Structures are given as C-alpha cells and as structure tokens.
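Only one chain comes next, encoded as structure tokens, the form predicted on its own.
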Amino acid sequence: MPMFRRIQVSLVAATAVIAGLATPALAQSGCELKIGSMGPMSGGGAQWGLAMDGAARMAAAEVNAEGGLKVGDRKCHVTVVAYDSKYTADGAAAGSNALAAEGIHFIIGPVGAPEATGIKPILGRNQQIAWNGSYAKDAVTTRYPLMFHLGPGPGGWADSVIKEALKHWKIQSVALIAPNDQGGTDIVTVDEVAYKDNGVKTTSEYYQRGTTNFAPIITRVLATNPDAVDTASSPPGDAGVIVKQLRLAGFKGPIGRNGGPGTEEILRVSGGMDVLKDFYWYAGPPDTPEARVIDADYKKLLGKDQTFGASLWGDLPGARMTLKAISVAGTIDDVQKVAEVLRHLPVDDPNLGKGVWSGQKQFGIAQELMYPFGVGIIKDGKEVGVTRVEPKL
C-alpha cells in the first residue's frame, strides 16, 4: 500500500505509540479520535501535502500533550492517518473512501483544485469534514457544506502582490505559467484580471503535470519578450525548475508567484538567491515572532524541525479549529453538529492572530479562513522583506 500510510502522533507521557497499541492514558479514557491528513505527499507539490500532514500532526500533538482532547466527559487521544492523494481528483476521492473505511470523519486537506473537485461530492456520503487549500473558483460552495477552505486564493491577495512588485520594477507585460488543469487555469484567470487592473498586459502558457523539461514553454514565453514571468499556481518543485531554466535561457526580469507559498522549495530547486535574483510572491502568514513560535513548538512536540515554512503556518489554524469544534460540540461522531459549531467559532489563532470568516462574496458561503498575509520581495539576490497586509472581507 505505497499510497496509504499510517502516521501515529502521540506525546502522552512522552511515550511513543506503536501503531495499533494504546497508551495507558488512552486505555483509561477509552477514547481514540483518528483524523486524516491529505495532499500530494510525493511529486512537485509534495511540500504542500507534507505541510498539511505536518499541521495535522502538530494540532494532534498539542492536545495529546495536554492529556488528550476533551470531548464531553472524556479525554480522547488523537492520531493522524495520512493519505497521498497525488494532486489528482481520483486520488482525493480514493483517499476519502479509504479514510472513511477507517472511521475517519475529519480531514486536514486536500491541497489543490483537482483534489478538491474529487473529494467534495463524496464528503456528504462519507460524513466527513475536509479543509482544502486550493485556489479554485469553486473551492467551497453551498452545495457541499462540509468542505471548508484554509485561506483565500489570488482573488484575496493578487492585487496586493502586484502593487508591491510595481514599487520595485517597471512591469508592463507578464507571462504566466501554470498546469493545464483546474488548479492552474482557475488561478491564471484570476491573476490575469489582477494584472490587467494594474495596467499590465498578460500572456499565458500551460503545461502537463509531471513535466520536467520546460524548455519548449520557456522558448515560447521568451518569444513574447515579457517584462516579468509569473509561475502562478505551479507547485513549488515545478516552479523551481521553471526559474532555473528561465535564468539559463537568459531571462533577467523579475519572476513572480501569485499562486501560493513555497519560496523555500523554489530557492532550493532553482539554485538559491543568485539564481532567483528578483522575485515577488504571496508569502502566506507574515513572518512574526508569534508565527515563529510554531516552529519551536513543532520541534518540541514532534522532535524535529519543520521544513515547510509558511505553508505549515497557514494550514495549522484549520487543524486546530477542527479539534476545537469537536471538543465544543462534545462528539466525535456527529459530523453535522461539529460542522455547525465550526462555522461559528471565532477566527483567532494563538500564533496568527485575529482573522475573519470570508468567502460569502465569492462563494456564497463564509467557510474560508482569512488571516493577515505577507507579500515578499527579493531584489538583486537579497531579501528586501515581507510587507504585512490585514485581512478584509
């Protein structure tokens, strides 16, 4: 079963749990809560899927360190089961069914639009709450009320990213590169509007997921002589290769990323700051002392460094809120009751601060978390900094 692996997360009495065996604390409480994590945990989008899994593990570890999650008069030990949905609709649908077979009603994930498309129609049948991180135009809808959204897409922040970039570079034209599925086309169309609203002309190129040689696409892109290139929603691993091949082909302009966090992986794959050179991007949650506490706590609780950057910071609130909703609802089985409690929880994370439930305007349903976010700039191979932008409906 290469796609399906169990991840047990336990810090009760600082004792590791062997899969399938209960700790003394669990045996006494008689309550185990399994939650799922889902996303691409292999391939170009692996950083996003593994960050989702890391967020689920950390949220579980936090409550387990307190003796378990209070549900009614019980303390429930929380474990995590991970599923690699491989950034596909079929993978996410199969994952939902596999997790349902294990009695799992709560899923942190999936990540992308193809996965969200695959899982949404079966959440009701499987009685599961899920959180997707996609930037699809239908990331959440009234038709599928058990789907929640971890944060806004480019419609919520692309304009801010572009305006910040225009302070640093003269950009009159941009070429966008993204996968040729809903996870790419939805984001590009939103990005195009944001660029045009700021007086920037756009062209776009799409590629098949799994592509490793982007030379033909880059040749077509450079033929349009753009001032900037935007990797949009290309997974971080793909974006790193695109950046590297753009620079090798002689492109010297700024490169943007109006498609989600992942700068650390892009830097690693592309070859570092000297290659990336000039870069602007949506940075996710701002890099603050409070946010960095997450990294320290992750290492304390899980015994290793978190290597997912702001991706994990952005995924963690949804995992925490899910467990809180279960506790407030007082049930691990009544999914509808938990969902109703979740919709009315205040958006106030101990590390990210106060946010809002957004999405009513775009989706017709306010089931999208929105916290302050950052816009990052790298110029001449040096990080200029990240500008903080406050959330608004």
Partner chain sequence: MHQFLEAAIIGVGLGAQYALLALGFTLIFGILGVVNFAHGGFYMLGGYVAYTCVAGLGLAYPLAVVVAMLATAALGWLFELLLIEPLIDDHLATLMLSLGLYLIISTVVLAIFGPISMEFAFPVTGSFHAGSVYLPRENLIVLAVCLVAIACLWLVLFRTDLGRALRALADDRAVGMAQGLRPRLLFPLAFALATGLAGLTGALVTPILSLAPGVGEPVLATSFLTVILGGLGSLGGAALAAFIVGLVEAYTSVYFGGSIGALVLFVMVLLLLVFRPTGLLGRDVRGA
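Positions refer to the first chain, counted from 1. Just so it is clear, the structure is predicted and the values come from calculations on it, not from any experiment.
Missing here is the form predicted in complex with its partner chain; even so, the following discussion is about that form.
So, 72, 317 and 328: all three within 4.5 Å of its partner chain in the predicted complex by heavy atoms, or not? Per the other structure, none of 72, 317 and 328 touch its partner chain.
Identify which of 278, 159, 205, 138 has a heavy atom within 4.5 Å of its partner chain in the predicted complex; exactly one of them does. The option sitting close enough to the partner is 205.
Tell me, out of 103, 303, 199, 210, which residue has a non-hydrogen atom within 4.5 angstroms of its partner chain in the predicted complex. Exactly one listed residue reaches within 4.5 Å, namely 210.
Taking the shortest heavy atom distance, is residue 219 within 4.5 Å of its partner chain in the predicted complex? Yes, contact at 4.5 Å.
Should residue 165 be counted as a contact of its partner chain in the predicted complex, where contact means heavy atoms within 4.5 Å? Taking the distances in the predicted complex, the answer for residue 165 is no, it never comes within 4.5 Å of its partner chain.
Hey, in the predicted complex, is residue 245 touching its partner chain, heavy atoms inside 4.5 Å? Close contact exists here: in the predicted complex, residue 245 approaches its partner chain to within 4.5 Å, heavy atoms only.
Answer for residue 43 alone: is it within 4.5 Å of its partner chain in the predicted complex, judged on heavy atom distances? Within the cut-off, so yes.
Its partner chain isn't shown here, but in the predicted complex, which of 294 to 302, 138 to 146, 248 to 256, 279 to 287 has heavy atoms within 4.5 Å of it? This holds for exactly one stretch, 248 to 256.
Which residues within 50 to 67 place at least one heavy atom within 4.5 Å of its partner chain in the predicted complex? Residue within 4.5 Å: 50 only.
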